[in-house]
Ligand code: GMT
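We begin with a single chain expressed as structure tokens, specifically the form predicted alone.
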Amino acid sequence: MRIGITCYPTYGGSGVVASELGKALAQRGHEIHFISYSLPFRLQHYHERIFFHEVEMVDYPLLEHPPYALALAAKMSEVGAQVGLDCFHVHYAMPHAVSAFLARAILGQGRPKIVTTLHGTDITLVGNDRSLFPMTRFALEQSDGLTCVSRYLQTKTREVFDTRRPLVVIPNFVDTRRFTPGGRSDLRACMAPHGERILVHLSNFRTVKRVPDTVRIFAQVCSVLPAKLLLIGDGQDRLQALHLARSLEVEADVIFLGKQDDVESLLSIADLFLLPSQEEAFGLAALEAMSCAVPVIATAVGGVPEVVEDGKTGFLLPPGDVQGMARACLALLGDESRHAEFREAARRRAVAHFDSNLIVPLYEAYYREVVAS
């Protein structure tokens, strides 16, 4: 098939899923065309059968802000006509599904079809904004197929938009052959030269991720045993986390790594993964950590309980329960045999339920169903 994929190319879960899906589909023989304002960060190297089409913005003197949704629709219709796309697969309803609708209208009804994947904040935040509510609902209704990354998001979408459209749950996935246990000893020695325990957090540092709570949890752990905290990613809360690390006197043990391409190497040397988010539709970073046999200490919100088994592959606590999360960390780090059991269970769950070879064929089958409808 020829599939056009549009996503936000930034350091977030939806962009990661879209990029990894495109790579997996290309490996399975499909022709993939990414259409966005910049190359997604996980596509920095050449991949056979993957093409990138940049959306170029044009400044109009009468417009205060460049009309990205219109420019995207124009590029999508252009690519659709040139290569004969079978479907647009857009990640996030706003504005991508709206742009896809316009592109399809330009090309003529019927082909390409539109598959919209909902990732969370497009429904719980953007879609619930009253000014954007009618347009988001319109975008959902006009899509030929709708998928959600978790059962939680499926239920939430039906509640918010009162839609009767079929919503197919296709969970996020991980390449378990790339995200593997047994990290590089040289990298671990570099990050923790004195044998300290390593805790990791990976996100886009938005407020909903509660990165400062990660620092607070680590400070309590660090007061009991030697440890290092690796913060992977960047965003609006980075400075707050940095100032907090200084005020809690743990700055020397908190390593701000910024955006990284090789996250699998960093996750594989971790002892624990921290995800204290206020809201998560799925928790892809937690899944990638689990694939590396890293137990997860997270909040029991959204779709996270569908990924992390409380008391088996990690611990789930209420948002803001810094002390509870710190105690959970220390309980695992202080019990080697239990920690090893959690490690094995985390890896086993990732392989058995979320491996890319299990999930990508679900997308393939869904594409064929939508195109044939």
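Keep in mind it's a predicted model, so treat the numbers as computed, not measured. Start at 1 with the first residue shown and count on from there.
Quick note: we don't show the form predicted together with this ligand, though the next part is all about it.
Chemist: Taking a heavy atom within 4.5 Å as contact, would all three of S77, R104 and L140 count as contacting this ligand in the predicted bound form?
Modeler: No, because S77, R104 and L140 lack any heavy atom that approaches this ligand to within 4.5 Å in the predicted bound form.
Chemist: Looking in the predicted bound form, any heavy atom of E280 within 4.5 Å of this ligand?
Modeler: Yes, contact at 4.5 Å.
Chemist: Just to confirm, L266 within 4.5 Å of this ligand in the predicted bound form by heavy atoms?
Modeler: It does not: once this ligand is placed as it appears in the predicted bound form, L266 has no heavy atom within 4.5 Å of it.
Chemist: Would G12 count as touching this ligand in the predicted bound form under a 4.5 Å heavy atom rule?
Modeler: Yes, G12 lies within 4.5 Å of this ligand in the predicted bound form.
Chemist: I'd like to know if G120 sits close to this ligand in the predicted bound form, meaning any non-hydrogen atom pair within 4.5 angstroms.
Modeler: Contact check for G120: yes, within 4.5 Å of this ligand in the predicted bound form.
Chemist: Which among 183-191, 235-243, 160-168, 198-206 is in contact with this ligand in the predicted bound form, heavy atoms within 4.5 angstroms?
Modeler: Checking each option against the 4.5 Å cut-off leaves 198-206.
Chemist: Which one, N172, T299, T176, T147, lies within 4.5 Å of this ligand in the predicted bound form by heavy atoms?
Modeler: By the 4.5 Å criterion, the partner-contacting residue is N172.
Chemist: Given that this ligand is left out here, which of A219, A270, L284, L231 has a heavy atom within 4.5 Å of it in the predicted bound form?
Modeler: Flagged contact: L284.
Chemist: Can you tell me which bits of 227-260 touch this ligand in the predicted bound form, meaning any heavy atom within 4.5 Å?
Modeler: Counting only heavy atoms within 4.5 Å of this ligand in the predicted bound form, no residue of 227-260 makes contact.
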